[in-house]
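One chain follows as C-alpha cells, the form predicted alone.
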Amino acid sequence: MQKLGDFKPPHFFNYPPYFTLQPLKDTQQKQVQLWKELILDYCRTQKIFVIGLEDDFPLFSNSAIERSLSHEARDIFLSGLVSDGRAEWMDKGHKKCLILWLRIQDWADCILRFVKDNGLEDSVMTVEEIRSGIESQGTELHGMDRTVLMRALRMLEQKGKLAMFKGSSADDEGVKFSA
C-alpha cells in the first residue's frame, strides 16, 4: 500500500474499480462523493493544504492493487471539491489546488476559539506565531497554510474582531485581537 502515514483509508481504497472513472452517471456521482470525502479527510489528518494535479499525491495511487487515478479522474475529483467550496484552483491552468478541509469561516472561528482559550484577547501576535508558535502547538492552527490563515484573519478584521498591521517583512505582520 502507498505510504499514508497513520491514515487508515476506507475500504473502497483497495477496490480497483474506484481507481477507474465510472462511466454510468449515478455510479460516477457516488464515486466522486467518496473521493471528495477521502481527500478532505486525508488532508485534514495530514495537514495538507495544496495538492498538485501532476504530483505524486499518496491517495492517487495504491501499489497494493497496482492502480492509479487517471489525470481526468484527479481533475474531476478536485473540481468537485472546488464546486463544493472546499477547494480552490491556485492557477489558471488548474495544476494546483488549495484544499479547504475547513472553510475560511470555520478557520476564522477556530482562530477566535484559540484566542479565547488562551486568554489572548487584547494581545498582539505575529502571523508566524499563530502558525508556528508555542501557543498554537497541538491546535489545528499549528502548521496552517499562510494563505488560508491570512484570508481567515482578513475576514475577522472585516468583522472588527482584530486589527492587522504590517511590519518590515512578512514575518513581522502582526495581529491585535479585540476583546
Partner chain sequence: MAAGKWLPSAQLTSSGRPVLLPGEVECSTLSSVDLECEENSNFPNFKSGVLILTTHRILWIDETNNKGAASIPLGAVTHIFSLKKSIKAMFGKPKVRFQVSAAADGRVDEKGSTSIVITLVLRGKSDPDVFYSRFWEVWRSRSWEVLNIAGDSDSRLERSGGSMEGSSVVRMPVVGISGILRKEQELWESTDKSLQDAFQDLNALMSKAKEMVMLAEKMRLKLLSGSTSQANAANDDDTGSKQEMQDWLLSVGIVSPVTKESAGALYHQQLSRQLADFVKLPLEKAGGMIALIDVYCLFNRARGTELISPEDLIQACALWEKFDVPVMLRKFESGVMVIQNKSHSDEEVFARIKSLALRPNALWTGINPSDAATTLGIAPALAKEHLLTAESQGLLCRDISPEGFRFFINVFKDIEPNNIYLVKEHGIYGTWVSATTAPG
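Numbering follows the first chain given and starts at 1. Computed from a prediction, not measured in an experiment: that's the story for all the values here.
The same protein also exists as the form predicted together with its partner chain; that form is not shown, yet it is the one meant from here on.
Could you check which residue among R146, K47, K30, R154 gets a heavy atom within 4.5 Å of its partner chain in the predicted bound form?
When its partner chain is considered in the predicted bound form, the option within 4.5 Å is K30.
Please determine whether G167 contacts its partner chain in the predicted bound form, using a 4.5 Å cut-off between heavy atoms.
No, G167 sits far enough from its partner chain in the predicted bound form that none of its heavy atoms falls within 4.5 Å.
Test of understanding: in the predicted bound form, would T20 fall inside 4.5 Å of its partner chain by heavy atoms?
T20 belongs to the contact set for its partner chain.
Could you confirm whether Q158 comes within 4.5 Å of its partner chain in the predicted bound form, counting heavy atoms only?
No, Q158 is distant from the partner.
Can you work out whether M125 and its partner chain are in contact in the predicted bound form, taking contact to mean some heavy atom pair no more than 4.5 Å apart?
No, M125 sits far enough from its partner chain in the predicted bound form that none of its heavy atoms falls within 4.5 Å.
Partner-facing stretch of 116-124, 129-137, 35-43, 146-154, counted where any non-hydrogen atom is within 4.5 angstroms of its partner chain in the predicted bound form:
Contact-bearing stretch, as computed: 35-43.
Would you confirm whether the three residues F7, Y15 and R67 all fall within 4.5 Å of its partner chain in the predicted bound form, going by non-hydrogen atoms?
Yes, each of F7, Y15 and R67 comes within 4.5 Å of its partner chain in the predicted bound form.
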